[in-house]
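Next comes just one chain, in structure tokens: the form predicted alone.
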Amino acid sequence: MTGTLTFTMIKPDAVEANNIGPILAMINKAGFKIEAMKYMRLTREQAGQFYAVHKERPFFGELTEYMSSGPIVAVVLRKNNAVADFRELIGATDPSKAAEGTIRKLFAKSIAANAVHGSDSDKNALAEADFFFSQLERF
């Protein structure tokens, strides 16, 4: 399949709420192809490596603690215009400001526990996908 990549993680709050299936169904319905997927639990150190760009931010410690608090589902997605289309599908970081019908409007609990991560650029999508998956794990 042609197109561009994006990366998402279904975060611990959405996994704990048993929303993996409904979120993946929305992703499929929106035309994304799942290229790689992994169910795992990040260590706090791994979460810190993944979110290193936020290391100097005041919320970094809370973020890494939260992201290592339970299992996540890491997913590489492919579609034309993948990054922008996925960010539209997931909605605003603050679920109270997310558009109706978006993943975060439907499944997020708060700004911090916002159900899913979505890459913010093509460059970051590639780096984030490479953080979790080798080329042998992508189909």
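Please read all numbers here as calculations on a predicted model, not as lab measurements. One rule holds for the numbers: they count along the sequence shown, beginning at 1.
The form predicted in complex with a small molecule exists for this protein as well; it is not shown, and the discussion that follows is about that form.
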Among 58-66, 77-85, 24-32, 39-47, mark the stretch whose residues have heavy atoms within 4.5 Å of the small molecule in the predicted complex.
58-66
Residue 99, heavy atom within 4.5 angstroms of the small molecule in the predicted complex
no
Considering only heavy atoms, tell me if residue 54 and the small molecule come within 4.5 Å of each other in the predicted complex.
yes
